[in-house]
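Given as structure tokens, the chain that follows is alone and in the form predicted on its own.
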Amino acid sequence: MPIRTAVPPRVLTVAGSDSGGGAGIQADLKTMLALGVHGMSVLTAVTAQNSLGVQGTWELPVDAVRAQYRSVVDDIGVQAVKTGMLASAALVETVAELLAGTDAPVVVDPVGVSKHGDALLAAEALDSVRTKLLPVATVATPNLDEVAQLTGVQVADEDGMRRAAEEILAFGPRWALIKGGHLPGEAVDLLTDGSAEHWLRAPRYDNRHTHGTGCTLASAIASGLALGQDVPTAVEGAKAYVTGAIRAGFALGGGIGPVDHGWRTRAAD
């Protein structure tokens, strides 16, 4: 087998750790590996987390987050950045400042709660997300609960997704991806920049093991952008990848298991 010499595109995730391995930094790096990019990480918080929920969270100091980011970006460089759990207003504002000085597309997953309903963002940090973080985003990827947190809009149908997208775009991201997975029927998402609309639809699989879906989707989008794809193409590819991962999600422990980040490799075996 020939030795590979080309350097793959580099993607940085700025997020929290999931000790159970299904979401957070762990999911991000698995996704990046599966999609052919080199994943790097800035750890913002540590969680004690398993299939049943989050038992504890400990955020890192601002200086530690800034040092990790500068260490990676100043030496190795990045072609895309993805953000996840940022925990506090201080961390949100620090990361937003760092992103504003980085010449790379940014995918913001405005993580507010875990799959089990555990809070992962302090309530007082929401305004910092609106005014500092979303304005530096190339793509913002809120689910319907996060839309409600950030805008007060309660989405019940596809028309509501349009309104939600307008509200999110008003904060400044170039594109909004409103994830409609919590609605009944097909798993439908809306991607828009305020003019063009892209509706992405996929079958809904009867599988409760969906831990890490949001992290995985955002990381897949960032991977596509790092590979040189435009936003609609990157989002379409990410949707296909995460749909397969949801279909192949598997049980771990006594609760909700993770999506399968390696489903393409296992499907080929």
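Owing to the predicted nature of the structure, the values given are computational and were not obtained by experimental measurement. The numbering used is simple: start at 1 and walk along the sequence shown.
Below: the form predicted in complex with a small molecule, not depicted.
With the small molecule omitted here, the record of contacts in the predicted complex names 199-207 of 31-39, 66-74, 199-207, 226-234, defined by a heavy atom within 4.5 Å.
This chain is displayed alone, yet in the predicted complex one of Thr192, Thr94, Gln79, Asn143 has a heavy atom within 4.5 Å of the small molecule; that residue is Asn143.
For Leu134, no non-hydrogen atom is located within 4.5 Å of the small molecule in the predicted complex, even though that partner is not displayed. Gly181 belongs to the set of residues with a heavy atom inside 4.5 Å of the small molecule in the predicted complex. When contacts are judged by a 4.5 Å heavy atom cut-off, Ala187 counts as touching the small molecule in the predicted complex.
Among heavy atoms of Leu217, some come within 4.5 Å of the small molecule in the predicted complex.
Within 4.5 Å of the small molecule in the predicted complex, a heavy atom is found for every one of Thr213, Val242 and Ile246.
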